[in-house]
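Listed next as structure tokens: two forms of one protein chain, kept apart as structure 1 and structure 2.
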Structure 1
């Protein structure tokens, strides 16, 4: 039946929750594009036949196939746009470095788009907030306190805070640090917030 593959692409995204990125379905996209090509070629043949031989009985099937073409086009556009929205949200959640499990689910064009978005966001953040810029990806939720207690989940090495103090982040060590300095490391899985 027409448009089944394109609707399946949308269902695939719908099954995944927000914040999750399913693997790019290149095979599904290719099948939809092949179906669109076949529909277009059949329509071209029927349109030429209807014009030259005056077969008006072909017009309903031409309109039906054209509607299928438009539906497939909308479904592919929705699939790709939803994936870009999810990738953009992942930049805000994980920062400029995505985990390999997520990058594995992205195609080359999506990685290129992510890198361009990352550069545009960094350029914007440098342009606001004075000399040092302003990191607008920090404090996604209003903080209850400026300092938090964190536990290091893996060896990370030296970490410098604003007053020049250098802290060695070793596995299972606990520290009391400024929230805005360690929020990025919490998202990356290096630190975890210790809730007393």
Structure 2
């Protein structure tokens, strides 16, 4: 049946809930585009036939193929757009450097889009909040305290905080650090917030 491939693309994206980004399904898109091309060509021939020879019984099939084309277009557009939304959320979650596993799942154009998005977010952040700009990706929820206690889950090596001092993050050491420096590392799983 027509349009099944494109619905499968949608289903694949729907299955990976929670903002995860599956690999870019180049194959799937290519197949859908081929299907669209085939339908279009069939429609072209039929339209020409209908016009020249006046075969009005071809009209329903032309209409049917046209609606299939529209459906495929809508599915692909939804697929691409949803992926872009997920990629945008990744910037807020992971920061400007994405883990390599996620980068493999994006196609070249998506990377391009991501870089553009990063740039425009950075420009915006620089423009607000006075001279130095304001990092709005920090403190997504109002913080309860300036400093938090964190525990190191794996050896991360040296870590520099704002006043230049360097802290050695070794496994099982606990530190009391400013909240904003730790958030990145907590998201990456290097540190764990200790609530006592």
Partner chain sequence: MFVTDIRKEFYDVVVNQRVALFVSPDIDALCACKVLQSLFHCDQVQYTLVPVAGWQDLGTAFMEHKEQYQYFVLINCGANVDLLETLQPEEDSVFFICDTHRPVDVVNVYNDTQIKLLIKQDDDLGVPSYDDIFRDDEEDEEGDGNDSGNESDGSAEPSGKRRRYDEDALERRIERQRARREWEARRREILFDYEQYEFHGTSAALVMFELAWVMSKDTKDMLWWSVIGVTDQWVHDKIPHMKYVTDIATLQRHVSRHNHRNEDEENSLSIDCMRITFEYDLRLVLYQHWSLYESICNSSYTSCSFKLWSINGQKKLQEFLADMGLPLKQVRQKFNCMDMTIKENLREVIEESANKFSMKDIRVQTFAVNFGFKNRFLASDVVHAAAALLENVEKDETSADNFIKALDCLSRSNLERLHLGIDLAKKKLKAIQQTVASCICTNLILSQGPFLYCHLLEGTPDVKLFSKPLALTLLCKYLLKAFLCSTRNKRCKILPLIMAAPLDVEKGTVIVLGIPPESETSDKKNFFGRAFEKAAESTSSRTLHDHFDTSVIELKMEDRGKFLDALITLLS
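Only the largest set of C-alpha atoms that superpose within 1.5 Å between the two forms is called the rigid core. Quick caveat: nothing in here was measured; it's all calculated off a predicted structure. Residue numbers count along the first chain shown, from 1.
Only structure 1 is derived from the form predicted alone.
For residue 26, a C-alpha deviation below 2 angstroms is recorded between structures 1 and 2 after rigid-core alignment. After superposition on the rigid core, the Cα of residue 152 moves by 2 Å or more between structures 1 and 2. Taking the core as reference, the C-alpha deviation of residue 190 between structures 1 and 2 is 3.8 Å.
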